[in-house]
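To begin, one chain is listed below as structure tokens, in the form predicted on its own.
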């Protein structure tokens, strides 16, 4: 079976990108990172990509006169790289609908909570963990889901709980423990997607 070529979209340090690329390097995933795209030229994910010999580009919406040309540029970059699956890994911008249409069923996101709880517009990063504590949940976890036009509403591919919410937790402490689970769950979800969607070629 030839390796899956995937793309990553990230805005920050790229720890989930690193976990996935490391899983590939260790042979846990029959896949390779073909292209990393960030909206931020200073994002740490560019350094992550370089360490794993993956190409990276900055493609930012403000650099384009209209949304259509932005979407076309994204699609073209991923197509030119032979990308079959796109992974959102802390990408802090809304994905253009045209990209979702082009890669229908092949764009995944990881969310640091047990959807449908603590999802939707504004629920990202530390805000999610603040909401978990505010609602006094006893347990949290992560969800990997297909991306569609609505925030955090796409079908769930993989969900893992088991992160206890402690009485003395801060959002930052909780985020750190959830992130450890993210790093295990995302490569597992990629493998599951490959089982579900790829032909043996």
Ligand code: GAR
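Quantities reported herein were computed from a predicted structural model and do not represent experimental measurements. Numbering follows the first chain given and starts at 1.
The same protein also exists as the form predicted in complex with the named molecule; that form is not shown, yet it is the one meant from here on.
- Just one of 71, 123, 106, 83 comes within 4.5 Å of the named molecule in the predicted bound form, counting any heavy atom, and that one is 123.
- Among residues of the shown chain, residue 184 is not one whose heavy atoms approach the named molecule to within 4.5 Å in the predicted bound form.
- The named molecule in the predicted bound form is approached by residue 179, whose closest heavy atom lies within 4.5 angstroms of it.
- At the 4.5 Å threshold, heavy atoms of residue 87 stay clear of the named molecule in the predicted bound form, well away from it.
- Not displayed here, the named molecule is kept clear of residue 25 by more than 4.5 Å at the level of heavy atoms in the predicted bound form.
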